[in-house]
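One chain follows as structure tokens, the form predicted alone.
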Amino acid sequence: MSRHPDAGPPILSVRGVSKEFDAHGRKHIAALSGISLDVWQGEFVTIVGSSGCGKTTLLRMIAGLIRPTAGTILMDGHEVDDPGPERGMVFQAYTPFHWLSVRRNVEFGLRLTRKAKGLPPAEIARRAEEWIAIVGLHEFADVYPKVLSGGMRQRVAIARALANDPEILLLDEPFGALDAQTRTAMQELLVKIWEDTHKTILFVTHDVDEAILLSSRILVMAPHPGRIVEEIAVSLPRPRTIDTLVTPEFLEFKRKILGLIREFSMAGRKCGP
């Protein structure tokens, strides 16, 4: 599934992106500095790093929710300056609208873009039903989110994002609040969707095991300020299962990534903010 530069131009390019925040009258805080990366069609790319290294800030800039202080973000060669339907976003917090049923939640984005896409009501309903079935919530289509488990609510969020047929799916630690068993089930679901649909995925996590298990490529970030310090192609064969976690090859990837995170986190503490 992984694509490389010789497969054509990347669908997403980040070039020299930096972000500073105003620290309430104090000097500006550099959250990110000189971030550059490319993502090709069909890749599953994961960004890992210690807490506070700017992973979420970077993803939110790619989503168009906040703007960089410097640098450019290009989607299909066009500069990103606000959210767009070609970028679907799933957050760590459960985001289904509590006053809408599962079906209406999944239809929500389609209804917003109906005028632009010219989708008739029957097509909106068909797409929603298709994605509700794909994420395994067909029996819960008319249920409201308040009675769903955390994993089921994230299934709703994923279905809602994908129903719009985005070119890239952006996920910000979407399974971070789930118990271990539910998390494993959601990881398996996401990989199956990726393999079946050939969607491009950019995934943020602090869980190194999760990153290795899911990804075709991993970008390691360091803090103070946030920057990419290593790119690692994950050559482990698929399908990857729980047994993969104890193979020598997996453990070697884990050792390398954890070593990088620890090395640069310690260096950042010595340097201070």
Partner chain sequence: MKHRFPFLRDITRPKEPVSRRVALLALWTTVASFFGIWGLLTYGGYVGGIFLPKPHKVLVELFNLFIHEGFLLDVWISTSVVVTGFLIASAAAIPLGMLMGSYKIVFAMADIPVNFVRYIPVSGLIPLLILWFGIDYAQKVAVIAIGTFFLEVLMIADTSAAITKEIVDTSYTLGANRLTVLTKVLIPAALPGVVDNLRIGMSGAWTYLVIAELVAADHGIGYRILNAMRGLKVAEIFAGLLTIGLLGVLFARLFKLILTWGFPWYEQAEAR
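As the structure is a computational prediction, the values presented were derived from the model and not from experiment. Residue numbers count along the first chain shown, from 1.
Keep in mind that the form predicted together with the partner chain is missing from the display, and what follows is about it.
**Student:** Any idea which of 133-141, 190-198, 177-185, 90-98 reaches within 4.5 Å of the partner chain in the model of the complex, heavy atoms considered?
**Tutor:** Correct option: 90-98.
**Student:** Would Gly151 show up as a contact with the partner chain in the model of the complex if we use heavy atoms at 4.5 Å?
**Tutor:** Output for Gly151 is no: heavy atoms all beyond 4.5 Å of the partner chain.
**Student:** Is there a non-hydrogen atom of Pro85 within 4.5 angstroms of a non-hydrogen atom of the partner chain in the model of the complex?
**Tutor:** The answer is yes: Pro85 has a heavy atom within 4.5 Å of the partner chain.
**Student:** Heavy atom to heavy atom, is His78 within 4.5 Å of the partner chain in the model of the complex?
**Tutor:** Looking in the model of the complex, residue contacts with the partner chain do not include His78, since no heavy atom lies within 4.5 Å.
**Student:** I'd like to check something about Arg126: if you look in the model of the complex, is any of its heavy atoms closer than or equal to 4.5 Å to a heavy atom of the partner chain?
**Tutor:** Arg126 lies outside the contact set for the partner chain.
**Student:** May I ask you to choose, among Arg60, Arg240, Arg217, His224, the residue with a heavy atom within 4.5 Å of the partner chain in the model of the complex?
**Tutor:** Filtering the options by heavy-atom distance leaves Arg60.
**Student:** Which residue among Leu236, Ile29, Leu65, Ile232 has a heavy atom within 4.5 angstroms of the partner chain in the model of the complex?
**Tutor:** Flagged contact: Leu65.
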